[in-house]
Structure formats: structure tokens, C-alpha cells
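Given next, in C-alpha cells, is a single chain: the form predicted alone.
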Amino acid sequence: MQFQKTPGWLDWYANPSKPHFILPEGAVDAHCHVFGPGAKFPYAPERKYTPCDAGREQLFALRDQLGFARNVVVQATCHGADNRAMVDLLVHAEGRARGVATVRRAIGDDQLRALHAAGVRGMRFNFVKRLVDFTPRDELMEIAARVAKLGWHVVIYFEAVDLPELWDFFTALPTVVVVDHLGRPDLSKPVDGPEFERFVKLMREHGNVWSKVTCPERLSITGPKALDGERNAYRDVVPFARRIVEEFPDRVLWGTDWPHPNLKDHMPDDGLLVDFIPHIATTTESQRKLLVDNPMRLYWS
């Protein structure tokens, strides 16, 4: 089957640089995706976008180029609840990958067990209104209760402005809850302002809430431009991400977000993204927790 990618869609950065930052041994890229290839794993009819193909071979090559040992592959919305592309990657990863699936209410217990056996350890709820259609919260809560029995966690994707209306639902989830991309803060607002303070409060008051300090390229206003030739791009994101890493060192994760869905203005150099890490995790101990200890505890223990 042939798919025409959405106009304006950027392909991933073809020749990522070798990072200057040396990752700790056993480092995990804890947020990335796989798209198709569409001829083998068709994109969902209800999708909001059609991506470029970005298969497991390309992700494994990036893993090795950047120096990661493992990946956590998050089901992309363009595949809906058809997790076959993600599971195919897990099967071929020789134990070096785990998955986060999208599941619907109709899924059977045997299907959930099969996903678990393949390496799935979480499911994702997407509340970004431009990407998905609304799913009733009682249905989502029912699914969360079922996957909790498998020891899975729930990944939530939302935008900061919507946190007040989602707070009660998030705090009632019966699992570990992992927030994508710092809860997508508005970087035009201060790091100590009320909007980001609300997110910090969520983590402070609810010890089951974790955060991915990911996607500076998606959040940044200043963009990828570095100062004085240094590899310090996306510097306006640093205060937000560093605050979460320093206050909640045992509940943070990091990942590339490759192949960077729905970016329209620029496609990041994944090597430069790795060099963002020491700006937000400034000690050897915090880097090891972020990149090794925390993801291993959540996905491989």
C-alpha cells in the first residue's frame, strides 16, 4: 500500500553528528517511535497525519550512532491502536527495546498478555486535541485498571494549558503515570510562574508521577541556534528541564523523540539533542539516574 506523506512533513535528520557528550554505559533512549514502513504496516485510517517511513533498521542505526544501549518505543498516533510496527521492532531488538502501546477497550486479555510478552510495559493516553479524537475518560480509566494488573504504567501527553481540567483524571490513575515532554510548558512564561508551578505541584504531591524531560526542539522558542559555536542549542528549555531533573531525580526519563513527528520548522540533529543532556543533568549521578537507572527500573525490572 502506498501512502503520501502530509505536505510540509520533514524527514528525519539524515546524518546526525556524533555527540560530544559520552553517554553512560547502558543508556536508554526512553522515547522514540517507529513509522511503518507503510507498505508492511499500514497507517491508521483515522490518523491526523501521514509520516515518512521510519523503520526499525533506521532506529537501530541511530541507537548505535548516538551510543545508546536500549530503546523505549512509544506507539505513534499515525498507527492508531495497531501496534504491529512497534511489536515487530521489539521482536527484532534482542531484548534491547521495550514498548508503550495504544490499546482500546475491546482488546482481550490474551492480546494484552501477548503485548506484555513482546516487551510492552506501558500504554499511552493522548490528550493533544489536534492529534487525536476524544475518548471518554471512563473508558480510559477502565483500560488503565486492566493494564495495572500487568504492572504497566500510563504515559500521558497533553499541553500545559489543559492540565487544570485533566488534573483529577490524572491523579486518579491506578498506575505509575509518565508525563511526556515536561507537560509541554509555554516557554514564553516564567519557569517559576503559575503554569509551570502547577506541573511541579502535580509531581510533588503525587509520587507516582514521572516526567520525560524530552523534546527541547518541540518546546523551544529560541530554537537550535547555538552561541559561540558551542553545542548548547534549545537553551531556553534548560531551566524548565533542569528544575524537574534536580527536584525529582528518581522520576525522570530522557529520549530523542526520533523521528520527530509533526515538526514543520526544522528537523533536529539527534547528536545535538544528546549534547543537551549535560545542561539539564549536570552531575554524573544525575545523568546515570536519568539515562540508566530510572528507565531500567521502569521498563526492565
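Residue positions are given as counts along the sequence shown, with the first one as 1. Nothing here was measured: the structure is a model prediction, and the numbers come from that model.
Omitted from view is the form predicted together with a small molecule, to which the following refers.
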Look at the candidate spot formed by 68, 121 and 293 and say whether the small molecule comes within 4.5 Å of a heavy atom in all three of them in the predicted complex. no
The small molecule contact at residue 76 in the predicted complex, heavy atom, 4.5 Å: yes
Give a yes or no for residue 157: in the predicted complex, does one of its heavy atoms lie within 4.5 Å of a heavy atom belonging to the small molecule? yes
Verify the contact flag for residue 232: yes if a non-hydrogen atom of it lies within 4.5 Å of a non-hydrogen atom of the small molecule in the predicted complex, no if not. no
Heavy atom of residue 262 within 4.5 Å of the small molecule in the predicted complex: yes
One stretch from 178 to 186, 162 to 170, 142 to 150, 89 to 97 that, in the predicted complex, holds residues within 4.5 Å of the small molecule by heavy atom: 178 to 186
Of 60, 41, 49, 248, the only residue with a heavy atom within 4.5 Å of the small molecule in the predicted complex is 49
